[in-house]
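Take a look at this one chain, the form predicted on its own, written out in C-alpha cells.
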Amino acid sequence: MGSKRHWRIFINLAVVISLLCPLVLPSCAESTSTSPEIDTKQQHDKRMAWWREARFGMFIHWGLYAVPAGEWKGTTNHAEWILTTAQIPVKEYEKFCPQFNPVKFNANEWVRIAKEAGMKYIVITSKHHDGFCLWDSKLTDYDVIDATPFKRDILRELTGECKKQGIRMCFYHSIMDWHHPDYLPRRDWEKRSSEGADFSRYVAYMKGQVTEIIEQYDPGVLWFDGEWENTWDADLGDDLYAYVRSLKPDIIVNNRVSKGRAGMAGTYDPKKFSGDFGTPEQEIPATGLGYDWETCMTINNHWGYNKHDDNWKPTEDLIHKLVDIASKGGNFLLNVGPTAEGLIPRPSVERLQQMGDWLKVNGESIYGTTASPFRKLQWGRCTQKQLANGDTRLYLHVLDWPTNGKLELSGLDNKLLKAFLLARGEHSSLRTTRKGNDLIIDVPSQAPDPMVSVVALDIKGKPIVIEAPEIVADSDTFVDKVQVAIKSDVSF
C-alpha cells in the first residue's frame, strides 16, 4: 500500500510541473506537442498488417457490473452502465467490490474459446466507465487486487495465456470515469460535489494508468471509449494519441481517442482526427469506408452480463455479419459478457464454437482478405486475396444459393483460371461458361454448407470489373427536363 501512495505523490508532482511549466519555461510547452505522430504510408501499413490479417476478434466486457447481472431494485434492463442507468451512488456501487470473486475464471479457457472460434485477438475492458480496474494499478485501490477478495491480476493472466496460445492481447480503456473524484462532469442525478475537482489531474491519472498497461502488458491495441463528453476535446485526444504512440510506436489506437467519431456509425476523417481505425457500433456500414474500420457488436442485447437477456443472435446471422464486414474491408469485434463467477455464458460459447467450425473450413476467405471489387452482388458477398504470382483469388460467399445450380457473376472481365468449392479444395473444379458479360458457374443444386458456402475463383491478374453506369439526378420528381450525372465504377 505504501508503494501506491508514493506513485500517487509522483503523479501529483507531475501534474503541478505540467501546469507550471508553460508559465515559467515556454520552451517546455514546445517539447510536449499535442500533434499526433504521423506515419508514412509504409510505416502505417506495417503497423496495421497483423490487424488487417486478423479480421475477427473477441470483445470482453467484464467488471463489477457483472455482480448485479443487469438487475437493480426490480428493473432488469441494465448492464455495464448500471451505475448511471440505475442511478447508483458511487459509495453504494463500491459495495459490489466484496462480492466480486470470480473463482471460476480460467484464463486458459477464455483464450481457448476465442482461439477455437477463429478469433485472432482479444480486447478486454481494463477499465470501463465505472472506473474499476482489472489489474493491480499502483495509482488506485479501486482495482481487483486491493478492493476485491479475488486478488488476482486478471490482465496478467490473460496476457500470459494469449502469448502461449498465439492470440494478440489488447485492452479497452475508458476515458470517462464515474468513480474518480477529479473526473468531470458529474452525472446530472448525482449529489457528489465537484468542488475541488481538477480535470487536468484526472488526465494525468489516466495517462499514468495507460503507462502501466503498456509497460506491463504490451498490448497490440488500445481501444479508447467515453470521449463524447464536453470535458474531452480534440487537442486532448491528439495529445493522448501521441503519448500512447511515444510509449509503444507500433501500437494501434482506435478513433475514439479523439473527437472525430460520428456517433454509433463510428466514421471519422483520419486526416483531421487522431486514431488508426473507425469504430461502427452495433451496425455494419453500407459500403467500405476507404480506411481501416472495425464493427463491434454484441451476441445478445447487452455488452456486460445481464442474466435476463436471452435474445441471442443465431450463428448463421453472426457468420453472415462476419462475411459482410470482411467483404467491405472491415474487422469484426464480437462481444461476450462473462458472469460474476468468471464464466462466459454458454449460449455465447456455443455460437462461437459453431463460427469456429465454419472458419476451420472457410477461414481462407476471411483472414488477410481485402474488400470486394464488385459494387453489389444479389446473391451474396465477395472477398479477395492476391496470390503469390500476382493473380487473384476471389471468394464468392453465397448467402442465397441458386436452386437451379447456376451461379451468375456479372461484370468480371478477367481470364478465369479455375473455379472450385473452397470446402472441397482446388481439385474439385467447377464447370464455367460465358454468356455475354456474365460468368455462369455450375454448382450443386443444394448448398454444401447450411450457413454460407464459398466458391473460389482464380483469375488472371487483378480484378477488372465492368458494371452498368448509375444515373444520378438531383430529384426523383418527374419534370420536363432534369439534369443527371452518370457514375461508372470500373474496378482495376
Ligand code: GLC
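Numbers follow the displayed sequence, beginning with 1. In this text the structure is predicted, and so the values were computed from the model without any measurement.
From this point on, the text means the form predicted in complex with ligand GLC, which you will not see here.
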Checklist entry - With the partner left out here, if you bring back ligand GLC in the predicted bound form, are R47, R168 and D276 all within 4.5 Å of it by some heavy atom? => result no
Checklist entry - ligand GLC isn't shown here, but in the predicted bound form which of W135, W358, W293, W223 has a heavy atom within 4.5 Å of it? => result W223
Next on the checklist: Going by heavy atom distances of 4.5 angstroms or less, which of D324, E212, E281, D153 would be at the interface with ligand GLC in the predicted bound form?
Outcome noted: E281
Item to check | F100: touches ligand GLC in the predicted bound form, heavy atom cutoff 4.5 angstroms | outcome: no
Checklist entry - Are any of the heavy atoms in H61 no more than 4.5 Å from a heavy atom of ligand GLC in the predicted bound form? => result yes
Checklist entry - Does Y367 reach ligand GLC in the predicted bound form, with heavy atoms at most 4.5 Å apart? => result no
Next on the checklist: Check E80 for me: does it contact ligand GLC in the predicted bound form (non-hydrogen atoms, 4.5 angstroms)?
Outcome noted: yes
Checklist outcome for this item: Here the chain appears without its partner; judged in the predicted bound form, the stretch of 92 to 100, 241 to 249, 122 to 130, 199 to 207 with heavy atoms within 4.5 Å of ligand GLC is 122 to 130
Checklist entry - Counting only heavy atoms, which residues in 236 to 265 are within 4.5 Å of ligand GLC in the predicted bound form? => result R256
